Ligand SMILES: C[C@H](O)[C@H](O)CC(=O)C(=O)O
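There is one chain below, alone, in structure tokens, taken in the form predicted on its own.
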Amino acid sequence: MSASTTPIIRQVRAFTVRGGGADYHDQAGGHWIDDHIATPMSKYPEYRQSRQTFGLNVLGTLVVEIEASDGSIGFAVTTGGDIGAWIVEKHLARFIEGQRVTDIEKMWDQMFNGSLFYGRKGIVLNAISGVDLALWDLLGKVRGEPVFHLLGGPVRDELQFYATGARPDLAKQMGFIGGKLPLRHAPAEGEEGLRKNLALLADMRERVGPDFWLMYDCWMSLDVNYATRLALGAQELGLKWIEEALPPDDYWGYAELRRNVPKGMLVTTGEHEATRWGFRMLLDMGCCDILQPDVGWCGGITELVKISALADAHNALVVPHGSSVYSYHFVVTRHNSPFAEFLMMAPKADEVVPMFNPLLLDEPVPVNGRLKVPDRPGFGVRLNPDCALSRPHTH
């Protein structure tokens, strides 16, 4: 494909949709993902039982579509809803339309620097990530290749997964290599809450035996003292790692926690971090052993490549936060991403269902905890036409 025949990007469109999708917290009642999970808001009793009470599901899913001059359409989904759609349509589109489909690095740089005065992290990076992922999907479709080919090709035949959900014991039966539990009780629930956290871990250890990985996802809810006590109490229960124990901006606290935990226990974080600069802080300050960027939030594939290279130079692993095919295509190409996360989106965490169900069609799922990434063009998934997309803004 020469420069003269390279398709040009004709139009960028942004849509929103409610319910299960990239905003996987937008679930109906009775789902494990919204059942008394420790959060930074757990200090307030009225917001303890359900994360939706303080608005975890307010954004909804953002769908970005990018159409090229040859008729090819790339798309991607992330969290962002109406706000993200406005940013894409009213601001980011100007950096995309009229460009060659191959000029992804330039487009990323212009989106990031053009929004620097109000962006840097959060919803703006979600929007940039969505556009970036759609650009990679589009390039794969134009070239007739899967994204993992564009990233250098696979370094292993298949991915192996750990499962995140309320039932690690069932995850073991399904063939996963480990199970990550949501922490239920935060510091405001006192000594009794700490005992309950350790008791749940002990119960799961008894169910899964000594060799199955068990981890705790603390979702930014703890302080250094509580996280240290939890880690020390969990040592004899074989806790593999303690995840996102502190608020994402507390780099100093993470460095202290990593010094405090028992030897051999890992500290992991990064789900709510963004860009190479944020992850440089985590690495330079010795905050964690495993980085967990979400490819739909950290800046997309273009930025994840840089984050991964930085981590590799620090001998740190990169295991992206669950983001379905968008991380699978990356993980299969990197030696320092030896396994992947799978979010158990069945309400009772008792069966394997597609993570972004019902929004994506052809979304692959692990079988016996393993998956060979399909070699269909782009990310290899389609939008479900039965999902009611809305385009709240145009340009």
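What you see is a predicted model, and the numbers here were worked out from it, not measured in a lab. Quick note: we count residues from 1 along the sequence shown, nothing fancier.
Same protein, other form: the form predicted together with the ligand, not shown, and the subject of what follows.
Remark: open binding site. Placing the ligand in the model of the complex onto this structure by local C-alpha superposition gives no atom within 2.4 Å of a backbone or C-beta atom.
Put simply, residue 51 is close to the ligand in the model of the complex: some heavy atom of it is within 4.5 Å. In the model of the complex, the ligand stays beyond 4.5 Å of every heavy atom belonging to residue 13. Contact between residue 126 and the ligand in the model of the complex is not found at the 4.5 Å heavy atom cutoff. The ligand in the model of the complex is approached by residue 217, whose closest heavy atom lies within 4.5 angstroms of it. No residue in the set 141, 148 and 363 has a non-hydrogen atom no more than 4.5 Å from the ligand in the model of the complex. Contact with the ligand in the model of the complex, defined as a heavy atom within 4.5 Å, holds for exactly one of 324, 308, 269, 164, namely 164. Taking 68, 59, 343, 41 one by one, only a single residue has any non-hydrogen atom within 4.5 Å of the ligand in the model of the complex, and it is 343. With the ligand left out of view, the stretch that reaches within 4.5 Å of it through heavy atoms in the model of the complex is, among 24 to 32, 328 to 336, 59 to 67, 41 to 49, 24 to 32. Residues 164, 180, 182 are the members of 158 to 193 with a non-hydrogen atom no more than 4.5 angstroms from the ligand in the model of the complex.
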